[in-house]
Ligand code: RUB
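Okay, so here's just one chain, in structure tokens, the form predicted alone.
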């Protein structure tokens, strides 16, 4: 398989959700750029940089809401450009791309572990905890707390239409954590019994708003009404620097076939299907955001972005 074929395969897997989850998407993109550099036959640094940029653009078009994807690619491409500006030899640039990609993947995985340790401290014995979708960081918090001897029960929503909540329920069950799988429409019914809610994030805006799987904002609203603490787990590379400049995180809408078979839809000529994959939870419904660098209130999201990206300009955010 050529490097172009490999990048196309990864891009297709991301687009079709064979690779899913913000962290896995980001790591897959980094791995694809790493492979591009390793397999490239480029004879000059400029040619190698152009190959990496072409691969990056293909990957970026797959999931518009995935800020983690954008940030992983941005980190690698920007390091490549910096290296090119130093007029280094092609082999040195190749090494730079491989090292930057590898470090991102390692940092991403260690962030999950760290969030698990930090978040586990917020779980108490006999807690009833609700979660949504299938978040690696939220699941890590739960599994770490359980491994530390905490006894609690989890209520996992199905998360229609892709039913990622069933994956969460199976994962927790395999760990021995008592888990109830509930339909999304039962969230408010059970919320008054909960002690806290823990969910992941696909993106965090500069004002502390969180973009996550569709239904998250309804869960947050129900938690707010019931006065149940609402915690978000998010690696710092999911914080969106574009939102500092007033850009909105684009909400992806997916194909109607995830909701209804095409032959059934054809029987209803006056019906259209809307299938947003994500929604936005306002910061006033969020109590804490748990990152690998510590726990922050949502209002401190801008500080994370400034620490991660420095001064924000449109030029710096080309990727």
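Please read these numbers as outputs of a predicted model, since none were measured by experiment. Numbering follows the first chain given and starts at 1.
Only in words, not in the display: the form predicted together with the named molecule, which the text now covers.
Just one of 136, 181, 244, 118 comes within 4.5 Å of the named molecule in the predicted complex, counting any heavy atom, and that one is 136. In short, of 200 to 208, 183 to 191, 219 to 227, 98 to 106 it is 200 to 208 that has heavy atoms within 4.5 Å of the named molecule in the predicted complex. In the predicted complex, the named molecule sits within 4.5 Å of a heavy atom belonging to residue 213. Within 4.5 Å of any heavy atom of the named molecule in the predicted complex lies no heavy atom of residue 298.
In the predicted complex, the named molecule sits within 4.5 Å of a heavy atom of residue 17. Put simply, residue 164 is close to the named molecule in the predicted complex: some heavy atom of it is within 4.5 Å.
Residues from 254 to 286 that approach the named molecule in the predicted complex with a non-hydrogen atom within 4.5 Å are limited to 278.
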